[in-house]
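Shown next as C-alpha cells: one chain only, the form predicted on its own.
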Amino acid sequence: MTDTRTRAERLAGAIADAIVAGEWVPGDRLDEQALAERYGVSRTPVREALRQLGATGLIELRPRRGAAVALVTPEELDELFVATAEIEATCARLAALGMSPVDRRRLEALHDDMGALAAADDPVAYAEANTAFHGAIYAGARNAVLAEVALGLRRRLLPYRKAQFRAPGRPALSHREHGAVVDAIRCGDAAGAHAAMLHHVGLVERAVDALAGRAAPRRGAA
C-alpha cells in the first residue's frame, strides 16, 4: 500500500508539473489510459494521483466525464499567494515569539539538512523537505486555527510550489530565503520573521509565474 501511495504521489507531482508548465491547459481532459501509457504505470496509481490533484483544485473530477484541468485564473492564483503570504508571515512572527529552544534547534537542523539538498539541486527531495520546513513553522506558531488555514492554503498551492523547484537554481535561492526566516526566529525577532516570510512567499510566486511564462504582480511585500 505504501509503494502504491508513493507511486501515486510522484505521479501526481509529474502531472502537476506538466499542467503548471502549460502542457495541458484549462479544460483539457486527462484520460486515465493515456496518462498510464505516458508515465508507464497502471491505471490504479493514475486514479489515485488524479484524486490527489482534485483535492488541490488543480484539476476537476467530473462524474461520468472524468478529469479535466481546472481553470485557475492569474487573478485567483494571485489571491491565493497573497493570502498564503499573509498567513505564513503571521505564523513566522508567532513562531519567533513562541517557539521553544528545542523547536528552534530542530528548525535550524532541518534548514541545515536542506542546504545539502539545495547544493545537490535535487528538486524532488527539496520539495518534500520544504513542506516539512513550513509545517514546522506553522506548528511553532502555537495556534491551531492559523495552522489549519495555512495547511489548507498550502494544499491548494502545493502543485505550484513544488513545480517552482524545477527552475535551475531555485532550491538554492529558496534555501537562502529560508535562512533569513530561520535567523529571525532564532533571535526572537518577530517583525523580522514576518518580513522575511512575506518576502519569501512573494519570490515563490514570481518563480511560479516565470515558470508559467507570466509576469508576476508587483507588490511591496515581494
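Residue positions are given as counts along the sequence shown, with the first one as 1. In this text, all values refer to a predicted model and were calculated from it rather than measured experimentally. Rigid core here is just the name for the largest C-alpha set that superposes within 1.5 Å across the two forms.
Although not depicted, the form predicted together with the DNA is the subject of the following passage.
Novice: Just to confirm, G192 within 4.5 Å of the DNA in the model of the complex by heavy atoms?
Specialist: Taking the distances in the model of the complex, the answer for G192 is no, it never comes within 4.5 Å of the DNA.
Novice: With the partner left out of view, is G66 within 4.5 angstroms of the DNA in the model of the complex by any non-hydrogen atom?
Specialist: So G66 counts as contacting the DNA.
Novice: Is there a non-hydrogen atom of P45 within 4.5 angstroms of a non-hydrogen atom of the DNA in the model of the complex?
Specialist: Although the DNA is absent here, P45 would touch it in the model of the complex, with heavy atoms inside 4.5 Å.
Novice: Looking in the model of the complex, any heavy atom of L153 within 4.5 Å of the DNA?
Specialist: Judged by the heavy-atom cut-off of 4.5 Å, L153 is well away from the DNA in the model of the complex.
Novice: Of the options L30, V182, A70, L158, which one has a non-hydrogen atom that comes within 4.5 Å of the DNA in the model of the complex?
Specialist: Partner contact (heavy atom, 4.5 Å) among the options: L30.
Novice: Pick from A167, C187, V41, A55: which has a non-hydrogen atom within 4.5 Å of the DNA in the model of the complex?
Specialist: The residue from A167, C187, V41, A55 that makes the contact is V41.
Novice: Note yes or no: does the Cα of A36 move by 2 Å or more between this form and the one not shown after the core is superposed?
Specialist: It does, since the A36 C-alpha is displaced 2 Å or more between this form and the one not shown after the core fit.
Novice: G66: after superposing the rigid core, is there a C-alpha shift of 2 Å or more between this form and the one not shown?
Specialist: True for G66: a C-alpha shift of 2 Å or more.
Novice: How does the C-alpha distance between L151 and L30 change in the model of the complex compared with the present structure, closer or farther, given a change of 3 angstroms or more?
Specialist: Relative to this form, closer in the model of the complex.
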